[in-house]
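Shown next as structure tokens: one chain only, the form predicted on its own.
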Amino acid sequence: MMAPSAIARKARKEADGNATAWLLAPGVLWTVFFCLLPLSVIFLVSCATRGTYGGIVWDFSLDNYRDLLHALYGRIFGQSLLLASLTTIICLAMGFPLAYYIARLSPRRQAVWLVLVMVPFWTNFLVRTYAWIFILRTEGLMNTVLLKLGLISAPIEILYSNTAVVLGLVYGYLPFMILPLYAAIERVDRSLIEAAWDLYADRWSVFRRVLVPLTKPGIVAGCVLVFIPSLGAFITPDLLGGARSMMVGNLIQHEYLIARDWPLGSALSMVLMALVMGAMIWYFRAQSAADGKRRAS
């Protein structure tokens, strides 16, 4: 027979297991019904074929994925990766100094600056993107001011170009870079930076050898929060880029809503998700390996 203490421990473990299951149940159900199930439907549709007048014919094949090997799709994917990467780099270059400045202010002034950073979220993203059209067009605010100041002799044509798309993406996603960086920098112990100055480190050495390693989680989080939505953006490229700057998001929207080729649009969506997930897995594995080597040394 089992001792009373063993029976009590077993009962306690069973109770803990039941409590854990009940606590996990809402999250698991949410993930299954709102993530895994929709992804499964998209994958099944991507293996179907398009009907003559649109719609889906459940004739399973991989022709949609083979069609994506065409050079046109490769060019659109490449352009999307380039614009998303450029947006992420610009947001990091602009967001890090601002986040560092905010983190070193007094608590009251920090609150004011954080509110200013989040003010754009109070307005609809579509409205804010339309505002950029009035700013960048040839008769818009930017060209009017530059012409009156005599800095240019003819209007600059920025609208409906990759430059306008990058400007819109940086404007839209810069707060997603600033906030994680602020949270990471604010937790850095200032005495570590002061110690680096005491050891005669220059500004670049303090930034590269002290500040960047300590704020790496915030840098990674900010880059992820900017890169992923930039890669799949379709409103900003559609309004500011026009027909000249098609990204993957615009292509998926076109296949679903205009061409009515849902299987091809689903295949594009699956490839886009696979690229993003593959890049994320590769990065975190490489980071884990680097951290392991650093601890071993």
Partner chain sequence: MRNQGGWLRSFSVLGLAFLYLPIAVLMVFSLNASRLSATWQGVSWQWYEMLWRDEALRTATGNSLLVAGISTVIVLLLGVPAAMGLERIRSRWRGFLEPIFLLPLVIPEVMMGVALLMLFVVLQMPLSLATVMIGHAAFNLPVAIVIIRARLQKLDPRLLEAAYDLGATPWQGFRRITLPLLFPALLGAMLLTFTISLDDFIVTFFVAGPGATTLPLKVYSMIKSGVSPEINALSAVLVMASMGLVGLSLLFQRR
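None of the values given here were measured: they were computed from a predicted structure. Numbering follows the first chain given and starts at 1. What we label the rigid core is the largest C-alpha set whose atoms superpose within 1.5 Å from one form to the other.
The discussion below concerns the form predicted in complex with the partner chain, not included here.
Contact annotation for the candidate site: F34, L37 and Y256 all lie close to the partner chain in the model of the complex (heavy atom within 4.5 Å). For the chain shown alone, W132 is a contact residue for the partner chain in the model of the complex, at least one non-hydrogen atom being within 4.5 angstroms. Contact check for G74: no non-hydrogen atom falls within 4.5 Å of the partner chain in the model of the complex. Although the partner is absent from this view, K148 contacts the partner chain in the model of the complex, with a non-hydrogen atom inside 4.5 angstroms. Remark: V28 counts among the residues lining the partner chain in the model of the complex, judged by a heavy atom distance of 4.5 Å or less. Here is the short version: of I156, L214, L81, V117, the single residue with a heavy atom within 4.5 Å of the partner chain in the model of the complex is V117. None of 215 to 223, 81 to 89, 180 to 188, 140 to 148 except one has non-hydrogen atoms within 4.5 angstroms of the partner chain in the model of the complex; the exception is 140 to 148. Taking a 4.5 Å heavy atom cutoff to the partner chain in the model of the complex, the contacting residues in 71 to 105 are A93, M94, P97, L98, Y100, Y101. After superposing the rigid core, the Cα of R104 is displaced by less than 2 Å between the shown form and the other one.
When two forms of a protein are overlaid on their rigid core, residues whose CA moves 2 Å or more are considered shifted, and K148 is one of them between the shown form and the other one. If you compare C-alpha positions, Y182 and A279 are 3 angstroms or more closer together in the model of the complex than in the form on display. In the model of the complex, the Cα-Cα separation between L225 and W30 grows by 3 Å or more relative to the displayed conformation.
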